[in-house]
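Quick setup: one chain, the form predicted on its own, written in structure tokens, and binding and motion questions come after.
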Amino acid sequence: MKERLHDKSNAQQTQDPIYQVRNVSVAFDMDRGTSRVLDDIDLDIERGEILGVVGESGSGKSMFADSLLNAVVSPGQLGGEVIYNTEDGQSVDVTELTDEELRKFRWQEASMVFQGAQDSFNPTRKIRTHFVETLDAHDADIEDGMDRARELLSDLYLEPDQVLNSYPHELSGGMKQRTLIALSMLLDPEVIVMDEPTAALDLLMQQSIVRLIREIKGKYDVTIIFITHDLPLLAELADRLAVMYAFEFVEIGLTDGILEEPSHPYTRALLNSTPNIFAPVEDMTAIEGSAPDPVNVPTGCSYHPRCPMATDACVESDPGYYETNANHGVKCHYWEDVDNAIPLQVTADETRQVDVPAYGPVAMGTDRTPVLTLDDAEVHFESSQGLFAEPDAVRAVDGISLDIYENEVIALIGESGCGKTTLGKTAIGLQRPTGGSVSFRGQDIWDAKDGHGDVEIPHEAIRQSLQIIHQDPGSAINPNRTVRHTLELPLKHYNDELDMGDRQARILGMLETVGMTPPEDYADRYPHQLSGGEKQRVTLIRALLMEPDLILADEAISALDVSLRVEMMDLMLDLQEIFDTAFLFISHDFSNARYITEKSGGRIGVMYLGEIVEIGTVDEIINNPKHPYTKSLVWATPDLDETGENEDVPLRKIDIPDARNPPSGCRFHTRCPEARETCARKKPVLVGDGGNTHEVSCFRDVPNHEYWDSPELMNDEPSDETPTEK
């Protein structure tokens, strides 16, 4: 065994460190004890590198970011040294700077890009004002500074004057995030700390911003600390990775080295639990157990309660850093044995073939009745642009037909604003369509609601049969009620024949089924006493207690850590077998959609600006995507086994068009790299192959179509007056 680095200050030293973090801790005094949310951190950050910091929620990533700028909020107590080395060779301890020195340091030397771009801007002021005020506060030349602002915005593929003259709410999420990056670079800092800067963004925007960050780093020669819980996102971005667990770094090394030969059991478990677009789904496994409480961190190795390799030595002795090679350090006594003990299961298999789904092809020629049918469903909203302006129509759902069968899982994916959630709510009767129809087992939902015609299935029964799991479980559960009370209410409403004993037995049985044991303990907890995954389990139980035929899972796992997503999807599928429930699973993440549909034999539908542009089995959509938009989503999905990092972005434009004024013809033509003049004039329809297992809305899938003789589009934005032919 190689020698352990007893002097932690020697671990992972760099040649030209811009930051030297020594014995840094952050603690909060609480009624139940001292909460250490950063525990004796020791790390060098190389000048000019991109350092990726990865770990589960609550592991201390954001506290590490705050400590670099001495921005830990009161009553947090920051200890240790945060040494910053300037270009001219001076060294300063950031923790000892005065308030005035900190004010200058935080913009001129190091700046921060936060996760929620909307919260970083004053909603009542134009973007230009934010830039001018920043320049003025630091006594910088306004004219020169605004010239730099325009250059930065252009480098981030934004139209400078349009952005500067806009209010924050007038920009999309991706535009706001890029604008915030430009603002963080306004005073030419040496370091940019990015705390989950792409967490709230769609795949295409996320991948585009990651590549823009790499371009900006090269042009402006900045050091970037990129913090995320999404390990695949860092595969092609970061030079080095620092893996965080329980408020300390457990493994640090070059990105390729950690992804190819991870030496810590937690790193391997994290890789194996991450949904991957190409790795075999049977090899993806959740991490058992949960992260420790900061008030009660285990002795010895903090990971030992969850580690399959743990011994008495791990309980008794806190491992220092072992040097696996010159660029790789790991806190594990048994790092040399980890390869055999915890095999890595992230190898991609792009040639794999998936069995024909069990439920998707029901639509192909059988006489089985769907659970739910949408027939040319439309949902159009009016969006007012001012007191005297004519309202614009937002075509959130625009002529969608879809059948969902018993026990089927259909995953809808697409960018924010494409209409996924509106379609989902329309499907379960929470949104009245403005055109077309929605039927449950042949009964029009809204006829039942309004009492029109012969109603065979009462609306109350339909509502019980169609349930929802929301994206944010914290907002979906009453914070003033115990879990027991929350789960008891729907049983009282829909199953009044059950007495109190029966209700309690059913609630406790469900809690035990989803792994919340002992159930009596969890039943009497309030939401704030539950983790994010536990809250989501409660919302799942609440939906299943209705014994529904269909559950809308609206981004139901996107708020969970990557390491918990496989576990939650497996739980949903296990319960599906017990309750015979279909799922309409909404996600913006292709890896999650692929995992749940492949394991269930379901289908994936791809939405763009209110329309389904492609739908089919997992094998067809992943291995043989036909629509250029689907191909771009597959391209944008981060992959741990990254092989296409030099591929060009398969888009003509980064930003999605305004849904109030969708492009004529094919709505994707303004961004499509394959678009031709016909695409701007004519609107393709969704058509299938001989067996209807794979349907696509693209002229490129139609042999001998006039598209093939049509000239390529040379301009990025065809005229709005271009007529649309159907």
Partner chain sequence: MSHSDGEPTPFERVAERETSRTDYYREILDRNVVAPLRILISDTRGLFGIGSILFFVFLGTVGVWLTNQPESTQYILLPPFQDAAHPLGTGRYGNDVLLQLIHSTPFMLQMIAGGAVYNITMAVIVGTFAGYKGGRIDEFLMTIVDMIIAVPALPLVIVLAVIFEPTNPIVVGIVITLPSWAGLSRALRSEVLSVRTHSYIEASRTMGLPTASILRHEIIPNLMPYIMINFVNAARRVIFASVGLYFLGVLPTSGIMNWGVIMNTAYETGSLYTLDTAHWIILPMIMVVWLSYGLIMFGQAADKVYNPRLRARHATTMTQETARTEEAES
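Numbering follows the first chain given and starts at 1. Values in this document were obtained by computation on a predicted structure and should not be read as measured data. Under this definition, the rigid core comprises the largest set of C-alpha atoms superposing within 1.5 Å between the forms.
Below: the form predicted in complex with its partner chain, not depicted.
- The listed set 567, 611, 620, 488 contains one residue whose heavy atoms approach its partner chain in the predicted bound form to within 4.5 Å, identified as 488.
- Among the residues 628, 319, 616, 519, the one placing a heavy atom within 4.5 Å of its partner chain in the predicted bound form is 519.
- The stretch among 310 to 318, 332 to 340, 497 to 505, 146 to 154 whose residues place heavy atoms within 4.5 Å of its partner chain in the predicted bound form is 497 to 505.
- Its partner chain is not drawn, but in the predicted bound form it has no heavy atom within 4.5 Å of residue 162.
- Among residues of the shown chain, residue 542 is one whose heavy atoms approach its partner chain to within 4.5 Å in the predicted bound form.
- Taking non-hydrogen atoms only, residue 635 never approaches its partner chain to within 4.5 angstroms in the predicted bound form.
- Contact annotation for residue 425: at least one heavy atom lies within 4.5 Å of its partner chain in the predicted bound form.
- Along 20 to 52, a single residue, 32, places a heavy atom within 4.5 Å of its partner chain in the predicted bound form.
- After superposing the rigid core, the C-alpha of residue 489 moves by 2 Å or more between this form and the one not shown.
- Positional change of residue 105 between this form and the one not shown stays under 2 Å at the C-alpha, relative to the superposed core.
- If you fit the rigid core between this form and the one not shown, you'll see the Cα of residue 79 move by less than 2 angstroms.
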